[in-house]
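So this first bit is one chain, no partners, the form predicted alone, shown in structure tokens.
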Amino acid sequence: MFGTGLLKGLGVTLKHFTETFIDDRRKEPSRYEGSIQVDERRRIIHQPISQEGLLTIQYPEERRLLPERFRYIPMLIWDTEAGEDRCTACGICAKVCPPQCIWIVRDSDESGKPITRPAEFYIDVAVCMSCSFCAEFCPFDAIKMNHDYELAVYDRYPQLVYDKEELTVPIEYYAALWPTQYAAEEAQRAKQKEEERRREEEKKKAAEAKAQAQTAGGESGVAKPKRSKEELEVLKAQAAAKAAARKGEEGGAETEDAEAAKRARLEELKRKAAEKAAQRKKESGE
């Protein structure tokens, strides 16, 4: 029938209007269930996806309870327990930032040697696109996404260029905004520390075992026999006798060679003397 769809749509609209009107006449409308009353004028409202009826709130007196994974601008984490910034000024966040709105200056000591901490850290909030790439790629969990979205100012520069002091928050603030993610990160961090401790203990035990093996007689673990003083003297005498015998054999061979060379030389001299005597006899005509 022509116009049926239009009538159905008007019926749905009338139903929602009626339910909202009736709900609004209650002492506490359903949209305020589970809300947090900050003071007489301000309250924070939790609006689940399944909620029906009026969804409009009277901002700024009424504000929505933001979900944990809501993100707006980055923030730097100050490790309260360690008493230092988690940021090491590695520059990865600045490299992966799509709009290139992060600037970092690494700190240095008195001699000019770079130090793993930022001396300056700036984010242009007017350019930031809230992509959270910086937080995802940070290897030290030093930069996270804040929930603060009320950043309206009259002058973009310099009021929307946040420095290190404005960006830094304690780790307790991050834990309050992101409780689930914070708990997961801390569990992973504790697991890594436990693994490092276990490796250090294994390394220490291996070093102690090696030292004990060397003390007992080397890495093979076979103990070297301990000899008395008399046995050592006997071994020294045997070694000396072997050395003398070896030297005598070498010396005897050298003596025989020298005597043979001497006899050959004597025979040669006798032969030459006989030849000269015969030649003189021939010349004298005898």
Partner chain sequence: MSEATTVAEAPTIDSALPFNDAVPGAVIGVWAEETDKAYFVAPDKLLPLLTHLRDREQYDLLSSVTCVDYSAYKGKLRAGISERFDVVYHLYSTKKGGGPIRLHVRVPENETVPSATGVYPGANLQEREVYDLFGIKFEGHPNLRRVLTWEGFHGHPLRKDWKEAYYEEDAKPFKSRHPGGHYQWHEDKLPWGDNNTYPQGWDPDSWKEPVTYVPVSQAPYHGYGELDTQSIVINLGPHHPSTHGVFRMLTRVEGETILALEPEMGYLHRNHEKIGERNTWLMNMPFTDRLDYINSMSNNLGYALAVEKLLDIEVPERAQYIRVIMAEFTRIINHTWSIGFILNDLGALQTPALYAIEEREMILDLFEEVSGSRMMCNYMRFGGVVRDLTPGWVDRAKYLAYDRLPRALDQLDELLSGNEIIKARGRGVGYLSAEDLIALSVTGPMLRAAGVPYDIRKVEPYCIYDRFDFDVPTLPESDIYARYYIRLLEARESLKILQQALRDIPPGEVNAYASATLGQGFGTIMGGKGGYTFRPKEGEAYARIEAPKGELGFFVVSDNKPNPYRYHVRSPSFINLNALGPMSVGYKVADAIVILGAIDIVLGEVDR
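Residue numbers count along the first chain shown, from 1. All values reported here derive from a predicted model rather than from experimental measurement.
Form predicted in complex with its partner chain: not shown, discussed below.
- For a residue to qualify, one of its non-hydrogen atoms must sit within 4.5 Å of its partner chain in the predicted complex; all three of 67, 106 and 184 qualify.
- This chain is drawn without its partner chain; in the predicted complex, the residue among 129, 190, 206, 82 with a heavy atom within 4.5 Å of it is 129.
- None of 177, 167, 171, 97 but one reaches within 4.5 angstroms of its partner chain in the predicted complex through a heavy atom, and that residue is 97.
- For residue 18, no non-hydrogen atom is located within 4.5 Å of its partner chain in the predicted complex, even though that partner is not displayed.
- Remark: residue 122 counts among the residues lining its partner chain in the predicted complex, judged by a heavy atom distance of 4.5 Å or less.
- Residue contact check for residue 86: none of its heavy atoms lie within 4.5 Å of its partner chain in the predicted complex.
- A residue is said to contact a partner when one of its heavy atoms sits within 4.5 Å of a partner heavy atom; residue 213 fails this definition for its partner chain in the predicted complex, lying far away.
- Using a 4.5 Å cut-off on any heavy atom, the residues of 70 to 92 that reach its partner chain in the predicted complex are, in sequence order, 70, 71, 89, 90, 91, 92.
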